[in-house]
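First, one chain by itself in structure tokens, the form predicted alone.
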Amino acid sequence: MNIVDRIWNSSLGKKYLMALTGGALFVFLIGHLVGNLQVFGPPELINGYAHFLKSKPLLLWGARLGLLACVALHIASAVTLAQLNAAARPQPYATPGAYGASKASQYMLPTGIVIASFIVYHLAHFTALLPGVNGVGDFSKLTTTLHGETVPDVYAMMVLGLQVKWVCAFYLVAQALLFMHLSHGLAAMFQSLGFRDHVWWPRIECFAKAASIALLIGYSIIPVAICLKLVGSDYVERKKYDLKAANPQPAPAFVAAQGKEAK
């Protein structure tokens, strides 16, 4: 416990903690992207992938809890370090931002907060399947048959969900902010872990920019292709009837009868 206290009560310890949790989240982003890109294949591909994950609850929930812990520690470290920096320099700079600092580095905390908000929305959208946040209907009613077993139709959820224009726009804004956050954060991670020198630093900066651009393209192409109906549009047209059947509207005659009774 003393080691934990020493790490948390040290600004250097917080930087290490923020760097390590940021690295873990970066690795997750790569794996998550590889899984999501399967939406460009047949529906069975990503549905099978999702079913495999759900069939391993210990692995799935272990990963979820570990990721939530990383997010919480990453945010807590960033906020406390920002407070320490502000307390160390109560007098603001004469010009906005530190000299030589990039825009990405100046807005790390705000972009991080928006990204955290997006994570909450994303979990409500495709994990908790809350009908009120997707603009379509109750995704829990979307199922398909895979190897003779009824499983959630994740393919239909993704396509129907991202065909909603405001949802697609929110996802793209979040990806742009993630790119901005990572373009500085990845390089800062290596610097915090002591890998900065005159030989490696240019390469680290190049890697950070290249990785950020690759993730931006990879994550953005999914909602753009779906919103433009280049992916799965024919497939989900049939699924829309399933949603309507799951949420039947009252018959006009019944509604009219209720109106007469009310009078």
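A residue's number is simply how far along the shown sequence it sits, counting from 1. Remember, it's a predicted structure, so these values are computed and weren't measured experimentally.
Another form, the form predicted in complex with protoporphyrin IX containing FE, is not on view; read the next lines as being about it.
Q) Are all three of F26, L186 and M189 close to protoporphyrin IX containing FE in the predicted bound form, meaning a heavy atom of each within 4.5 Å? A) Answer is yes for this spot.
(Q) Just to be sure I understand the contacts: of C168, M180, V133, A78, which is the one whose heavy atoms reach within 4.5 angstroms of protoporphyrin IX containing FE in the predicted bound form? (A) Of the listed residues, the single hit is A78.
Q) Though only this chain appears here, would H125 touch protoporphyrin IX containing FE in the predicted bound form if you measure heavy atom gaps against 4.5 Å? A) H125: no, not in contact with protoporphyrin IX containing FE in the predicted bound form.
(Q) Please tell me whether any heavy atom belonging to A19 falls inside 4.5 Å of a heavy atom of protoporphyrin IX containing FE, as the geometry stands in the predicted bound form. (A) Yes - in the predicted bound form, heavy atoms of A19 and protoporphyrin IX containing FE come within 4.5 Å of each other.
(Q) I'd like to know whether G112 contacts protoporphyrin IX containing FE in the predicted bound form, with contact meaning heavy atoms within 4.5 angstroms. (A) Heavy-atom contact with protoporphyrin IX containing FE at 4.5 Å: present for G112.
Q.
in the predicted bound form, does K239 come within 4.5 Å of protoporphyrin IX containing FE, counting heavy atoms only?
A. No - in the predicted bound form, heavy atoms of K239 and protoporphyrin IX containing FE never come within 4.5 Å of each other.
Q | One stretch from 47-55, 203-211, 231-239, 26-34 that, in the predicted bound form, holds residues within 4.5 Å of protoporphyrin IX containing FE by heavy atom | A | After filtering at 4.5 Å, what remains is 26-34.
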